[in-house]
Ligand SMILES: Cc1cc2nc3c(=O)[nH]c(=O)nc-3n(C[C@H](O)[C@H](O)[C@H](O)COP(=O)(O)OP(=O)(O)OC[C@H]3O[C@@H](n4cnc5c(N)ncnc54)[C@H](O)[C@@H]3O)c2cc1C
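Okay, here we've got a single chain as structure tokens, the form predicted alone, with questions on binding and movement later.
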């Protein structure tokens, strides 16, 4: 069950322009959290902004967790001002995490931009439970916005980089690099990033007949499924509509569950 904890901030620093890593001490949440789940973070003690902000667990330790996020609106701008020695209210863990099955020969993580956030914890778990390291495809606008590359390399992952401008890795999209890796039978794909990128990844998986898991992002009010504010189009019905709730039914889904037709367009990550 999710809990609300007042967590001490251990570290809070910028890792790329407009992107920060927040480390908090929260033993109970850390004990219950699984890779792919998320937390709702209170960004202000005042009534504005009133709603908490959803954030994936980046890494999970014995007595705390880290979050990797992009400053995009007033809520994250206020969060970015918090400093070590302060505390922050964290509700979690919430949602469903990544499925973990060791029978796959290859595990390939495909991340676009800040979509990399839920993957370090997953990579560590695959190594710990399955005794193998996943391959990681990182897509970014440019070298300056490349996130977690060194973290994955230190874990022992094989990392492939794609940037829009060619300043790091290959000048290509993440899914172009993925296609070159020739995933075949016995491969599971994991994707997180822009919807169009995940749609393209799911199409590759569909064409090859391989398993693909995706982690969706959405604006959330409650984080528990009550408000229906984070629904996305799906191929199954929920309360008479073809939709799923990102918070309660996800954020991780089998790619075949999502109706990708509205998202199969060009993308820039």
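Numbering follows the first chain given and starts at 1. Treat the numbers as computed from the prediction; the structure is a model and nothing was measured.
The form predicted together with this ligand exists for this protein as well; it is not shown, and the discussion that follows is about that form.
Interface residue remark: residue 53 is counted as part of the site for this ligand in the predicted bound form, having a heavy atom within 4.5 Å. A residue is said to contact a partner when one of its heavy atoms sits within 4.5 Å of a partner heavy atom; residue 70 meets this definition for this ligand in the predicted bound form. By the criterion of a heavy atom within 4.5 Å, residue 218 is counted among the residues contacting this ligand in the predicted bound form.
Taking the partner from the other structure, this ligand in the predicted bound form has a heavy atom within 4.5 Å of a heavy atom of residue 74.
The candidate site formed by 98, 134 and 214 is entirely out of contact with this ligand in the predicted bound form, as no residue has a non-hydrogen atom within 4.5 angstroms of it. You can rule out all but one of 163-171, 111-119, 136-144, 177-185: in the predicted bound form, only 111-119 has residues with a heavy atom within 4.5 Å of this ligand. Contact annotation for 14-41: a single residue, 38, has a non-hydrogen atom within 4.5 angstroms of this ligand in the predicted bound form.
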